[in-house]
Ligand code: NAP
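Below, in structure tokens: the form predicted on its own, a single chain.
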């Protein structure tokens, strides 16, 4: 496993927390402590912001090509260290090594994508309709940013935020999730090696996120917050951002419907379900949560999905041949257990899994439930685990209404061989993204984000850099 610094990264220097505090990093496959890292506090966060503010003007004036080449060098380093970074991620987060390698590749692509976008920031020029003034449009970095990332994709969520910030000319303070700080610390070292100037990226690991984040948002020096996490926390951060009118982008929770129509190709649908449900052990905001399957094919779909899920091997992510690693911690496993127990008590039938294994580690088996009651708790809760809950429907209007009956609107999945229905349902779903006959929507070249309480703004794609740029309009009189 790659040996990464265990300190805070502030102003280009690795430093201990002001009070010397540290926090443990656990292996969810064993429950054992892997190492200790610095546990930053309010004073450390203020030092990080000061470092970011100090170099903001100089960094904003850096040539776009220079910023682009830093990102490209970082991309090359990440790719070269794929195996080491994958093992690091598996150790702190639990996902199988094969899936961790996939995340490393996905994470690296954000740096490559935004290295290309850095040199394509455009403004505009024209004559205003009254003919008396010319309009000059400029783009400028929004300023120092606070980036808050989750534990489920610790490397990719870092690059998805850091990449456009660097490309736009913004300095940053990154606060990673306390469960998975090592991937972020490795990323900071890679960017330092790639030539990122001191103070542009600062990393504060902490077990006290509320104490660290709130003063930064209320302090008046952070001009942009980019957050990925739960809707509940996102709402709190929006309130805290309001005082200083901090610009925000929020990638929040999901409750994705997975709709299988009677004419669907069931081979495609089951393949898609395995990806949409089991990516990252189901610990993804894009994970399929509610499986709506047409009554005519529900039994066959359920049997096929149960067979595929039952064949998956559960175990430590570092072991060869393992398909499903542990959940992030015991709290996450207990949540999944409670949701399954509630569904069964309300009449659900267990087609696969459903029993918690004994022994160390926060493991939970891939589980398929059929005949799930719409009143079950898991219908209105982001499961964040390897549980597929199947409900039946009879017609299109009904399933669209039920799919949209949620406060969330991140992603939906639709399986049908009818082009008319595919387009019609995709348009009607209240979601920021739709997977049409596919279980994978995430791509650095596409705008990622949701509607309703699934978030604000978009990450990735051509628009991803816009979240870190302001427009400036200059009126120039026509002489």
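Here the structure is a predicted model, which means the values were calculated and not measured. Numbering follows the first chain given and starts at 1.
The form predicted together with the named molecule is left out here; the points below concern that form.
For the chain seen here without its partner, which of 203 to 211, 339 to 347, 311 to 319, 90 to 98 has a heavy atom within 4.5 Å of the named molecule in the predicted complex? The contacting stretch here is 203 to 211.
Single option in 306, 372, 252, 378 placed near the named molecule in the predicted complex, where near means a heavy atom within 4.5 Å:
If I apply the 4.5 Å criterion carefully, the residue I get is 252.
### One residue of 327, 352, 177, 298 in contact with the named molecule, assessed in the predicted complex (non-hydrogen atom, 4.5 angstroms)
Filtering the options by heavy-atom distance leaves 177.
Given the named molecule in the predicted complex, answer whether the residues 258, 393 and 418 all have a heavy atom inside 4.5 Å of it.
So, no: the whole triplet misses the named molecule.
inquiry  = So, residue 272 and the named molecule: in the predicted complex, are they within 4.5 Å at any heavy atom pair?
reply    = Close contact is absent here: in the predicted complex, residue 272 is far from the named molecule, nothing within 4.5 Å, heavy atoms only.
>> Quick check on residue 228: any heavy atom within 4.5 Å of the named molecule in the predicted complex?
In response: Output for residue 228 is yes: heavy atoms within 4.5 Å of the named molecule.
Practice item. Evaluate residue 52 for contact with the named molecule in the predicted complex, applying a 4.5 angstroms cut-off between non-hydrogen atoms, and reply yes or no. Key: Contact with the named molecule, no.
#### Entry: residue 410 within 4.5 Å of the named molecule in the predicted complex, heavy atoms
Yes.
- Hey, which residues along 149 to 182 are within 4.5 angstroms of the named molecule in the predicted complex, non-hydrogen atoms only? Contacts from 149 to 182: 149, 150, 151, 152, 157, 160, 175, 176, 177, 178, 179.
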